[in-house]
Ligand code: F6P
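To begin, one chain is listed below as structure tokens, in the form predicted alone.
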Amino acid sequence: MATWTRDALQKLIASRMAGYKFIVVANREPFIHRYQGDRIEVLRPASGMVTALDPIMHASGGTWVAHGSGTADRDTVDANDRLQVPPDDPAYTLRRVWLTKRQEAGYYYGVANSGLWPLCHVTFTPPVFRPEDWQTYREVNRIYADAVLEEAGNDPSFVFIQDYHFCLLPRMLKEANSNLIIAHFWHIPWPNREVFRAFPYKEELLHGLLGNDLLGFHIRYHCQNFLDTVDRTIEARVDTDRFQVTRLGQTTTVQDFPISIDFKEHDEASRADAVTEAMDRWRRRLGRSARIVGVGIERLDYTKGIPQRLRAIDYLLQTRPEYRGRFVFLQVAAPSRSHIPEYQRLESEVEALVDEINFRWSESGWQPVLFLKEHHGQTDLMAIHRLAHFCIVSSLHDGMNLVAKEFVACRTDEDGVLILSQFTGSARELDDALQVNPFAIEEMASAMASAIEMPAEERQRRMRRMREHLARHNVFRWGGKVLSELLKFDFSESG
């Protein structure tokens, strides 16, 4: 199988998409402008989605439509709310839309992240559905629709929508302009039909999603869940052999596209001198007693299984006293969605667990857990990955989880062990990881002990195979597969 590269993806776009507009729609923007005193600084958000779409946008010279959330965003666009990005080497257009605090609260913090996020992740966190939030969600989807229609004009255009923030957008676009071919990638799991029944506005949401020509998920299981949900919820013809749904004359193809990372870029960047220097700084910060280092890196989110992981560390120290005084676990958790009560409760729970574990097991000059509730740049994260004896990804449910893939890509020494929740999309690909049930504390503690004691030959054999897989199944393959499928549609038939 030929390996997809950045050049191959760019050639596909140049040869097959020339003359067409390409518009990406996402809640998150690829560049944020904010004030630092009187100075404006440009931030690149840490986002797997942004990283995955970057080569497509560079090659297509398209337009990215997103919420302008930075404090200086309004002061850096032109009269049409556009600017060229990246700032140092402009390659495509960023079109910003503006939301009020009320709209952001109802659409983003309300329906999207208090409703759909917990509904789609099996973490036993009850979703919250408020009628006023659904009204705002509709309102915001219409704001985005107006922006996309303005950008497309009368030209044949490909529109690539990202995630669960825009379930109503595809139908709005298709009804307004049939000269659009619309794809939508759902970055989180799709629940089974019994779970989805709880959503109060399910018929309207599904009707919106079935305005797409192409709907993508990470894994085939989520595609099957979606088809089953549609079949039991609304009037539509579901073809389970072709993975297609037809409603009101519009046919939507449903397909799995496992997202990935730029393996080559991660491999090369992790070898840089700056990463080596950062490793030395982290060694000093962890202290001499950190002869065995475990790491966890993610957003502070209840889907990531951080409390379960900490309880497993507590159980490990209880049952394996030989690790006391030698083992340090570094938990990096970037603050996330702190306006939502469930996230506030999670933060308090994690801090209490860390205090409890450190109080119970600390000895002179050593404590087992270092919890850092802060954002870190790529250099620091790569250094942490390279230092670790093992990295644990214990998500209770995850569409893919790119942290697992980033850890593997950083291990240029072909060493280290990945402990991976069986409830992640990544577990379908990285079967040389130690796969665990994140709800099983004893099982996770046992996996940590196995990772610590695993012979070097086995560590290297497992890591080598995972790295070979990611080198082939990279982000350019994801982009190439999505666009190749999108190019099968005919503008004359898309309406």
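The structure displayed is predicted, hence computed values, not measured ones. Quick note: we count residues from 1 along the sequence shown, nothing fancier.
In what follows, reference is made to the form predicted in complex with ligand F6P, a form of this protein that is not presented.
Discussion item. The chain here is shown without ligand F6P. Which stretch in 156 to 164, 127 to 135, 388 to 396, 227 to 235 comes within 4.5 angstroms of it in the predicted complex, by heavy atom distance?
Written reply: The contacting stretch is 156 to 164.
Item to check | Listed residue (Ala449, Ala46, Ile40, Ala440) with a non-hydrogen atom within 4.5 angstroms of ligand F6P in the predicted complex | outcome: Residue within 4.5 Å of the partner: Ala46.
Contact residue in the predicted complex, from Arg465, Arg28, Arg34, Arg428 (heavy atom within 4.5 Å of ligand F6P): Here the answer is residue option Arg28.
Decide yes or no: are Arg311, Trp361 and Gln367 jointly within 4.5 Å of ligand F6P in the predicted complex, with each residue judged by its heavy atoms?
Not one of the three qualifies.
Given that the partner is absent here, does Asn141 sit within 4.5 Å of ligand F6P in the predicted complex, heavy atoms only?
No, Asn141 is distant from the partner.
Give a yes or no for Tyr323: in the predicted complex, does one of its heavy atoms lie within 4.5 Å of a heavy atom belonging to ligand F6P?
No, Tyr323 sits far enough from ligand F6P in the predicted complex that none of its heavy atoms falls within 4.5 Å.
- Query: Is Val332 one of the residues lying within 4.5 Å of ligand F6P in the predicted complex, judged by heavy atom distances?
  - Reply: Flag for Val332 set to no.
- Query: Might Tyr108 be said to contact ligand F6P in the predicted complex, defining contact as any heavy atom within 4.5 Å?
  - Reply: It does: once ligand F6P is placed as it appears in the predicted complex, Tyr108 has a heavy atom within 4.5 Å of it.
Legend entry - Residues from 93 to 117 in contact with ligand F6P (non-hydrogen atom within 4.5 Å) in the predicted complex: Those in contact are Tyr108, Asn113, Trp117.
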